[in-house]
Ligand SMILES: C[S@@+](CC[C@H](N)C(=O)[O-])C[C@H]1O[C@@H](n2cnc3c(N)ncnc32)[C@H](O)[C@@H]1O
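Here you get one chain, nothing else, as structure tokens; it is the form predicted alone.
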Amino acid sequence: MNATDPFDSDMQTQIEGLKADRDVQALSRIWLRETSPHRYVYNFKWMGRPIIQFPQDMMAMQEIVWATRPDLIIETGVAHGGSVLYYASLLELMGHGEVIGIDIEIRAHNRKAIEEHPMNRRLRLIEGSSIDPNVIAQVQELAKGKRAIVVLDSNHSHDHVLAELRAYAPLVCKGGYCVVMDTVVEDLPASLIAEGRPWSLGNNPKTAVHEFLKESDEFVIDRDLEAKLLITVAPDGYLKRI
């Protein structure tokens, strides 16, 4: 933020107030917990494709993209394609950049819809595990010499996310972000975690983030961004490269 801009100055004051207001923070956590059984996150589409993200987090992402002006946005986890197409559309508006979407399985009907979408021209899909050495090598090659930001949103188990962080966080440009989605798993009651998932309390993106931060002094959690959102699937997950 520009400290000399009155709007930015006021916003920073408001953010500091939100950080200090424990009641508001608690209400936000209650809201998230109580809406989870209603699958609130499944209520939205971006340009016709299911996005499966909170609108608040997508607002944060557009601020990050505009501020960092990346050449490349790397996202692990494609699903229906809404989020990779969202990032592609932001880059299209700026007239610059490309998105890489990685998924272990891109179902035929999703691939068809994504490839027929007008924003597909700024998108490259890679099918394979995001922690497969061959996939990592391919992405590293595509990222050479480019300003990149990263979004991790595939398998949410601790070991998988930690491996992704080790592989992709080094590609992030200085001042850019590695955003780890669904760290909120650690904050939800165990009853809200779907059966059969390979993640759980104590084994999820947030635990991976904190282990990664013990290994690296190049990233910090952006507490201001998290505080102003209030509602986010990524508490402790907005990692800024310093």
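We number the residues from 1 along the sequence you see. Here the structure is a predicted model, which is why all the values come from computation and not from measurement.
Below: the form predicted together with this ligand, not depicted.
- Looking at Ser28, you'd find every heavy atom of it more than 4.5 angstroms from this ligand in the predicted bound form.
- Contact annotation: Glu115 falls outside 4.5 Å of this ligand in the predicted bound form, judged by heavy atom distances.
- When contacts are judged by a 4.5 Å heavy atom cut-off, Glu105 counts as touching this ligand in the predicted bound form.
- Residue contact with this ligand in the predicted bound form: Ile52 places a heavy atom within 4.5 Å of it.
- The partner is not drawn, yet in the predicted bound form one stretch among 140 to 148, 116 to 124, 69 to 77, 90 to 98 has residues with heavy atoms inside 4.5 Å of this ligand: 69 to 77.
- Taking a 4.5 Å heavy atom cutoff to this ligand in the predicted bound form, the contacting residues in 149 to 169 are Asp153, Ser154, Asn155, His156, His160.
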